[in-house]
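Read the single chain below, which is given as structure tokens and is the form predicted on its own.
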């Protein structure tokens, strides 16, 4: 028996759905929609409130978040530990730089400066590199897989350092990809804003696109297969999940995200060399995923912003802690504090809040929703 007005009374209540469409919506409550809309408006308005120096740093945060989302898909969702993210970033960066580079320059270049060409190409080449690595993931897992992917970083550093025709050589480097769209410079200073303002808007829009794609992938059949493999791969295989196929997809998608992030990363600074893709870069991305919250898209974004902004915050410590030096040859200095903070934060979050910044937000949200009750 249907109670008159029951559907009307249920409408608008959080986590109570009256249709499949509302339950499957990406932003399934009014509070989420309002919060996301407010964040978008605030993010788009930042160029009118901040200096160009800060906007350039935020643009780097957006690019780092794209790479962190990719690592989060393979590590946080699929449970495949990868320490070789820096290698895939390098593949994407050099692919984009070679495609858009000057054909008459000292390094390899094909002169195709359109971002609509070199950005997908960087993701495709890096994704193919991930597919080549994926067969190892079907045979190895845990620490063994981590060691194998770690080897990619050292192999990549050697190859890129020796291949000077592509990279410019160690300590020399080459220009990054050119930001143009069908012959029109994207991030040039003009009547509609400064270079850094346009750069920030571009990276923000790209981050939104990549984040929405990853969120929808995580909600799909593929995402559910990733989660099953992460929780118990043997059980996932027993219930019919094709382990080889979905592990390959996880590595391919993650590597493609890393390739796109690598292609965009140095367009902000304009120059890079093989030394830019060291083991430290892989560790930073692991820190982004773990500190932000493994297995969540918003956690990967929060972790990327946190880790990318951390050096800026440590530089500011000198004004508050007089005995800290800004010179790297003096002890103690802000660079040592920055390095120590990476380790301390990883240990603290893994012990006290394994869900990372996303877990802290969930705690705050649940407390506020239950207040004034304790549970």
Partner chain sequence: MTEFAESLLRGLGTGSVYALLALGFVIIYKATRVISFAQPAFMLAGAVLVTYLAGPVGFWGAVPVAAVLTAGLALGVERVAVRPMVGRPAFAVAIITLGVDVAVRVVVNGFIGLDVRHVGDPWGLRTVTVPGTGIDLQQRHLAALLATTVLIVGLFAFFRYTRMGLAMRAAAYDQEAALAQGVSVGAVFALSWWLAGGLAAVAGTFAAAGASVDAALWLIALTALPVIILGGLDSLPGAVVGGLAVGTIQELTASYQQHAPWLGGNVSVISPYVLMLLVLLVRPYGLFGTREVERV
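These numbers come from a predicted model, not from an experiment. Positions refer to the first chain, counted from 1.
The same protein also has a form predicted in complex with the partner chain, omitted here; what follows describes it.
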statement: Picking from 154, 110, 271, 181, the single residue whose non-hydrogen atoms come within 4.5 angstroms of the partner chain in the predicted complex is 154
task: Select from the listed residues 172, 244, 205, 143 the one whose heavy atoms reach within 4.5 Å of the partner chain in the predicted complex.
output: 143
message: Quick one: 81, 290 and 354 and the partner chain in the predicted complex, is every residue within 4.5 Å by at least one heavy atom?
response: yes
message: With the partner left out here, check for me: in the predicted complex, does some heavy atom of residue 325 sit within 4.5 Å of the partner chain?
response: no
- prompt: For residue 51, is any heavy atom within 4.5 Å of the partner chain in the predicted complex, or not?
  reply: no
query: Does residue 286 make contact with the partner chain in the predicted complex, using a 4.5 Å heavy atom cut-off?
result: yes
task: Please run the contact check for residue 75 against the partner chain in the predicted complex: heavy atoms, 4.5 angstroms, yes or no?
output: yes
- line: Assert contact_stretch over 25-33, 57-65, 336-344, 40-48 against the partner chain in the predicted complex, heavy atom within 4.5 Å, equals 336-344
- prompt: Quick one: which residues from 109-137 get a non-hydrogen atom within 4.5 Å of the partner chain in the predicted complex?
  reply: 136
